[in-house]
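Just the one chain here, laid out as C-alpha cells, in the form predicted on its own.
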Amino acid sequence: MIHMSLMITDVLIIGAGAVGCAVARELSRYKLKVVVVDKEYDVAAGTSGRNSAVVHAGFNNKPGSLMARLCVEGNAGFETLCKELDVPYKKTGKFVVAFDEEDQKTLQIIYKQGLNNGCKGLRILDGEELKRRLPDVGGISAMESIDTAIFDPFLYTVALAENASCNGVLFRFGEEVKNIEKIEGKERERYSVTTDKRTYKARYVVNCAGVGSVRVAQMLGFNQYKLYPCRGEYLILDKIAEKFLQVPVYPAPKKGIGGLGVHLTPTIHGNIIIGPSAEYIEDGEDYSSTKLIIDKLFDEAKKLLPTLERKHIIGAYSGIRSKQAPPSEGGFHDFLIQEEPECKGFINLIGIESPGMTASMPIARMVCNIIGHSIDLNPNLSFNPIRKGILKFSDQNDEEKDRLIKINPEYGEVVCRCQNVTKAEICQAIENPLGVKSIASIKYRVWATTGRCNGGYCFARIAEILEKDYGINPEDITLRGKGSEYFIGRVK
C-alpha cells in the first residue's frame, strides 16, 4: 500500500494562473500558511499565458457587473503593480474601429457604457482624424481609449508567483486535484483535498482552476455550474510593430460572438499579435492552431491593416476562454466569485474570462475580504511587495553592458540571436525562485526561442546549458514538464 504524504495549510489555492497567483500574493500579506497546487509544471500554462496581452479599460463590460467594476479598478492600479513586480508595461491607448453605419452605432453604445463604468479618456474620432492618427489603419471612424495598455502576461503571472513565494507561499506543480471532501465537525481544517501526489487538509479552498473550475466545484457536489470552452487562435507577426502599429486596434464588437473580434495588438516585445478567433469546442485543453482559422485571421486583419503581408507571420498559438455563456447565446456572463453558503470556506471563482487578468488583483482582494469575514487577517510584518526581475541585457547602454560583462562574462555570450538573450539571462531563468526548469519556463522568463527562427539556433544551446551547467540528463529536458520530453536517447 502506498501512503501519501499529508500537508496541513490554512488556504489551498487550486490553479496557478494569473488570478490564482494574485490571490496567493495578496494572502501573503497576512500570517497564513498558503499553498498553491497546479496540474501543470509552471504558472500561466493555460489562459494566462495565451491571450492578447492587453490591460483593458473596462468599456466592453455590462454596467453594474463585477466584470466592469473589477476591470476598471484593476486598470487603475495596474501600472503601479507592474512597477512593484518589475513587469514590462506600456500605456499605449487603443482604437476601436467602425467600418459601416452599424459599427458607428456600436461605438456610441460602448462609449456611453464606458462612461457609465467609470472609464476615463474615451473619445469618438471621425474618419479624417482616424486617418491622420493611424494612416495605415482602415475604417471610417473610431473610439479612442487612452487608458488601455500592453504588458507581458506570462511575466506578470511569474512575478506574482515569485513575489508570493518570497513572502512564504508554497507552490506545488505537477499535482492534479483528484478529490475534495468536506471534513464535518471541524472548524480548523474543513477540507481534505487529494492530488495525485499527496493529501492536503485546509481551512479554506480557493477554486481558481480556470477552464477546470467546474470540474473542481463538482467534487463537492456543485453541479449547477457550466462552462463552455471557447478557443481563440492567434498569429504572431515578426517585429514590425514600430513600422506599422504602435497601438492596439480592435473592430467594433459584433453581437453574439464569444469575444471582442479579431484585433491587432503590438506586444511589449515589438511583435504584433493577430486574433483571437472565437470557436466553441468540446475539449477545454485543445490548443490547436488550424489552417482554416489562420487564413480567416489574416483576412480579417487585412481589413484593419491593409499593409500586412503573409511573410510577416512567424508563429501561431491559441488560448481557451472559460465562458459561462453557451454557444446558442454568445456574449458574456458575469464573473462568479463567492463562498458557497453550504460549504463555508470553499470559494468558487468560475467564468473568469477576459478581462480576468486586468481584474486579477481586485479579484484577489475580493477573495481576501471573503476570508476576512470569518477570521482575523493578521498582517505579515515581513511582507515585501517588491520583486526584481531578470535584467534585459539588450536594453542596456554600451557602458552598462561593458560593466555587466566585467562582473559576469556570461553576459558577453549571446545564446538567442533573434532576441539577443545572453547566457547570464538564461541561467537566471533556470535558477528562478519557483524551481521550474523546462524550456517553456526559460522561454517565457527571458523570451528566448520566440524569434523568427523559433528556437532553431538557441534551443540546442539552452539544452547544452541545462546538461553541462546544471547536471540535467538530456532525457529529462522537457518543453513543459513530465510528458513533454525532447530526447529519448543518444544516437552517437
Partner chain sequence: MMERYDVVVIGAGPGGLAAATSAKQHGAERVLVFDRNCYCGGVLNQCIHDGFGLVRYKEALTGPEYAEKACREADKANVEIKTGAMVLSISKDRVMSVVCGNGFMKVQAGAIVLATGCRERTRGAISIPGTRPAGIYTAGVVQNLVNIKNIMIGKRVVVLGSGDIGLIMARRLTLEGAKVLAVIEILPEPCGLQRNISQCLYDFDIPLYVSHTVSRIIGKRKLEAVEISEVDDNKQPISGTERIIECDSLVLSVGLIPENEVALTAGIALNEKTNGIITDDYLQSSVPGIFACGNCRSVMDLADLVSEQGEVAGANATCYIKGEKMKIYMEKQSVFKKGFPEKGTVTCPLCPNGCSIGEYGEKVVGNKCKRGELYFRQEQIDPRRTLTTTVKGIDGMLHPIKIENVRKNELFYKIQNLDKN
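Keep in mind the model is a prediction, meaning the values are calculated, not measured. Residue numbers count along the first chain shown, from 1.
One more form of this protein should be noted, the form predicted in complex with its partner chain, which is absent from this view; the next part is about it.
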Practice task
Give a yes/no on whether R417 approaches its partner chain to within 4.5 Å in the predicted complex, heavy atoms considered.
Solution key: yes
Handout entry: Heavy atom of I405 within 4.5 Å of its partner chain in the predicted complex
Key = yes
Exercise for the section: Find out whether any non-hydrogen atom of P135 is located within 4.5 angstroms of its partner chain in the predicted complex, and reply yes or no. Expected result: no
Problem - E26 within 4.5 Å of its partner chain in the predicted complex, heavy atoms - result: no
Practice task
Could you tell me which stretch in 190-198, 105-113, 405-413, 86-94 has residues with non-hydrogen atoms within 4.5 Å of its partner chain in the predicted complex?
Solution key: 405-413
Exercise for the section: Check, residue by residue, if E285, K401 and K482 all come within 4.5 Å of its partner chain in the predicted complex, counting heavy atoms only. Expected result: yes
Handout entry: Sole residue of I375, I140, I183, A316 within 4.5 Å of its partner chain in the predicted complex, by heavy atom
Key = A316
Completion exercise
Of K291, R123, K388, K255, the only residue with a heavy atom within 4.5 Å of its partner chain in the predicted complex is K291
